[in-house]
Ligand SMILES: Cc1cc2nc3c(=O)[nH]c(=O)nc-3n(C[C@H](O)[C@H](O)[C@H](O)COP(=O)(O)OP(=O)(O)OC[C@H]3O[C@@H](n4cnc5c(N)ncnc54)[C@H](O)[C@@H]3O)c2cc1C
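Just the one chain here, laid out as structure tokens, in the form predicted on its own.
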Amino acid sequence: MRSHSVAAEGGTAAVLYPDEGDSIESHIWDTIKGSDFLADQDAVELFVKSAPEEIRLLERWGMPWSRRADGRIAQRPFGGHEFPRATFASDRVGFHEMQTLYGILQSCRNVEFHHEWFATSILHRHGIFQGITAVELKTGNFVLVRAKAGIIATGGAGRVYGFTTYGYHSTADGHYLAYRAGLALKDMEFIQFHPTGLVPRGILVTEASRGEGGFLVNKDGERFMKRYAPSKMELAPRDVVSRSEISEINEGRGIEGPDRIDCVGLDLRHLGKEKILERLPQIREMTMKFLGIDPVDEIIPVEPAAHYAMGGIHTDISGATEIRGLWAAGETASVSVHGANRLGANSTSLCLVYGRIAGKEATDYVNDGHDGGELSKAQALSEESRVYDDTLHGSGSENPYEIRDRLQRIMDKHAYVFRTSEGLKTALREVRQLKEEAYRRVTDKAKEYNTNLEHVLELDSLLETAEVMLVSALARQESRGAHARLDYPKRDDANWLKHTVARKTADLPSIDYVPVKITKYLPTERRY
């Protein structure tokens, strides 16, 4: 239940009411258009067709979906969707989904949880998955876990940024496990910035606040989205809204928020207290607790915060990685359904859909008699030495927490909503300098519950993943979706309608490209 999915607030997208005007075709088109045409269209079709059954399955398992007056499951508008298809449970969607799934798993006698373990490497031989190595935090013991199949479902990489909606444990560990094992990371330059991160902390203010009718305003009280997306206004896709907010701030129309941070305002006052308490109770509680602001009476200060990685571990349409017997699902994977920009409410849907697909694929693989064979003792011993000899007993002089904070400041400054070649090169140079510094200093030498060791191991993941993001962003000389280059302001389909694929080498990440799968929808200009 400590997965960051519990923090998802707004909705889970699915076509539930074709009898009222929604359609599978419409959801497919909205997703592909929202992706700035970088999504693989066969994967989008599979995803959209599978999502409705996931909603109904959760309902059968006891998910407390919000209801309409007629008793049917309620849905609300969300950015980039042409139909209100975001299924919700007040503004605690992820929490209730996770509770429902966790409750069902408690009834499964053949499911065993290993709480408080930290996976450190993927064991494989001749391209076949064999298991993992891990540290059992309770004892500090190094453990080899032999497995016939595996699924990486470790979430996002958002803690490479400081101003972010992510929880502190979203440290790209799954990405780094895959990267070190020789797997490719795909489209890592595409980081979504959620338009409404609470200033100054970055805590998520759900898009449902705009789906329920909230306004974005500048210092003059003007709904400025009319200049940028007149047909969709506040419910344009997140990349469009985030760029619009920063443009307002850069042009001097921002609001001075807490700690004198320039931002914009989210106005919910016109919704009325009753609707805010019914549909957005958590938002009211949060803003009152952290800022002393009651959205019933006051405007909420917000600005874009790092929120989601569209890229991830390169997989095929079934979530299979390039290592046989190993799959990836959820945010850590790149199928790619989201392309260059994810539509709100598609993320929890993707977790549900690809959790089921990857789970079935892995089960079928095991039932077909596949086995990874004898574990490589040399690989396991090498990993144990990395964790304990090189890290726990390392002799670095730099404070790892200061290194992490410096990394986050670099990314916040140079790899934010708008990017330039100069800024990305500066960030890349500074990140590589951080990698060179002897940051492996573990002050706590105890074996049991050594979170200091865990944090230093996480720093490896953050630094390596940040480098891949920056190298990929510098190479992509265009603006597409969440990747907005001031020096290359236009989308360039002739040269860049392709996925970035990064692999680990002895020196720098190697960059290659694979084509986008287009089945039906040719790229057009995005207008909202």
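Only a predicted model underlies this, so the values are computations on that prediction, with no experimental measurement involved. Heads up: residue numbers just count along the shown sequence, starting at 1.
This protein has a second form, the form predicted together with the ligand, left out of what is shown; the following refers to that one.
**Student:** For the interface check, one of 312-320, 295-303, 353-361, 114-122 should have non-hydrogen atoms within 4.5 Å of the ligand in the predicted complex; which one?
**Tutor:** Contact-bearing stretch, as computed: 114-122.
**Student:** Taking heavy atoms and a 4.5 Å cut-off, does Arg85 contact the ligand in the predicted complex?
**Tutor:** Contact with the ligand, no.
**Student:** Taking any heavy atom pair closer than or equal to 4.5 Å as contact, tell me whether Gly330 reaches the ligand in the predicted complex.
**Tutor:** Yes, Gly330 lies within 4.5 Å of the ligand in the predicted complex.
**Student:** Any chance Gly155 has a heavy atom within 4.5 Å of the ligand in the predicted complex?
**Tutor:** The answer is yes: Gly155 has a heavy atom within 4.5 Å of the ligand.
**Student:** I'd like to know if Asp173 sits close to the ligand in the predicted complex, meaning any non-hydrogen atom pair within 4.5 angstroms.
**Tutor:** Yes, Asp173 sits close enough to the ligand in the predicted complex that at least one of its heavy atoms falls within 4.5 Å.
**Student:** Which residue, Ser347, Ser209, Gln75, Asn341, has a heavy atom that falls within 4.5 Å of the ligand in the predicted complex?
**Tutor:** Flagged contact: Ser347.
**Student:** Going by heavy atom distances of 4.5 angstroms or less, which of Ile276, Leu183, Leu204, Val417 would be at the interface with the ligand in the predicted complex?
**Tutor:** None of the others qualify; the residue that does is Leu204.
**Student:** Honest question, do Ala7, Gly10 and His169 all end up within 4.5 Å of the ligand in the predicted complex by heavy atom distance?
**Tutor:** Per the other structure, all of Ala7, Gly10 and His169 touch the ligand.
**Student:** Is any part of 290-307 within 4.5 angstroms of the ligand in the predicted complex by a non-hydrogen atom, and which residues would that be?
**Tutor:** Only a single residue, His307, comes within 4.5 Å of the partner.
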